[in-house]
Every structure is written in structure tokens, then in C-alpha cells.
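Below you'll find only one chain, the form predicted alone, shown as C-alpha cells.
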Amino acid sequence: MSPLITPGSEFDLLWAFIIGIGFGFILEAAGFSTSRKIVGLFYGYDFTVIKVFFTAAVTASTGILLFNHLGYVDYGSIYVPTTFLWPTVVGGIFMGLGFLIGGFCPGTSVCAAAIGKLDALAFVGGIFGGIFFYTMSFETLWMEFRTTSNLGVLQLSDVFGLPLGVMILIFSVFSIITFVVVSKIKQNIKNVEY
């Protein structure tokens, strides 16, 4: 069977636009256009972020595995970026702080800005400010650090030496256990209205 979308075709941007609109719609439907939703995870009163993103990871990984088996997707042609351990850790800390301070991730901020939320517009402005700072200081501050601790192309199945399907099954079970645990926590804390 041929792939559903042929990379490099004149329809690439159209597909990206359609997928982006769908992603934004789902973020809005899940309530991620409010900054309190993401911040609630850090303060322990709302676990929607964990549920949505674990569900997305399980759905996407299972779908890719199934579509690869059916011949709709060539798993080997999916781009997986190189892992640079310490730059990833430092970048993750900056991203986490940004989530906590601003209450958005880049995707949810664009979603909220699209419906006119001023705090999201300020957050998007901060994103562009950060991109500008990183670009202007790249050669002096980041260029050498950016390529340290190169682990190559790395996936969890490689790390644990397991077949991809088994790794997805383990992650799915882990996700279900996490859902049960956070649901129990949610039942035992005071409900926060927003």
C-alpha cells in the first residue's frame, strides 16, 4: 500500500495546516486555552495535562505501529532527532520553568492567543523574545554546549533493548497505572474552580 501522505509533495503545507487546526481544536476542547490548566499540574489540583498527553503518546505510538504493519506508514522513514543529553536536560528545565511561570506551553499559548487571551499573547511574545535571544547569543553561549553528550538517535526501546511493540505495551500499562494514581489523588484534594 502507498503512504497516506507523500512527503515533498505540493500539499505538504496544506496537510500541516489541516493537522495544526485539528491540534488546536483538540487543545481548546481539552481546556488548555486556560493557563490554570497547566499550572494546576505543578500545584497538584489538575492532572488533565498528564491524561491528555499520555493518551496522545499511547494513541500515536500504537497508531504508528499499526499503520507500519499495514503498510500505510514506513516506520523507518520517520525522522527521529539526535539526542544530546545535557542540552536536552537544560532545555527541559527552561521549558518547565516557562510552563510554570506563564501557564502555557508553546502550542497551548498559540491556541489561547487565537481566541484573544491577553496572557497568551504576552506568552507568545516571550517565546519570540526567547528565540531572538537564543539566536543572537548562539555563537557565544550555546554553540559548543549544544552538541555535547551526543547519544545518537535514541528511543526507549533501544535503551531497554526491547522490541518496539513491547515498549509501547509497557508504556500503555504505565499510563493506565498513572491515570489511576492521579485520579485517586484528585479525589482526596479540594476541588479548585476556575
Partner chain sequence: MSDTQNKYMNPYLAGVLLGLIIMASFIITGQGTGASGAFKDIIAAGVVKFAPAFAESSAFFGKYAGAEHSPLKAWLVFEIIGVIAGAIISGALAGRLNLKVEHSPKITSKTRIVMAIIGGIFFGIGSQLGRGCTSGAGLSGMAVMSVSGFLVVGVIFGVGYSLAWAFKKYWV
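Residue numbers count along the first chain shown, from 1. Predicted, not measured: the structure shown is a model, and the values here were computed from it.
Another form, the form predicted together with its partner chain, is not on view; read the next lines as being about it.
Within this chain, Leu70 is remote from the site of its partner chain in the model of the complex, having no heavy atom within 4.5 Å.
Although the partner is absent from this view, Gly63 contacts its partner chain in the model of the complex, with a non-hydrogen atom inside 4.5 angstroms. Its partner chain in the model of the complex comes within 4.5 Å of a heavy atom belonging to Leu156.
In the model of the complex, its partner chain sits within 4.5 Å of a heavy atom of Ala57. Contacts to its partner chain in the model of the complex (heavy atom within 4.5 Å) from stretch 68-90: Val73, Tyr75, Ile78, Tyr79, Val80, Pro81, Thr82, Thr83, Phe84, Leu85, Pro87, Thr88, Val89, Val90.
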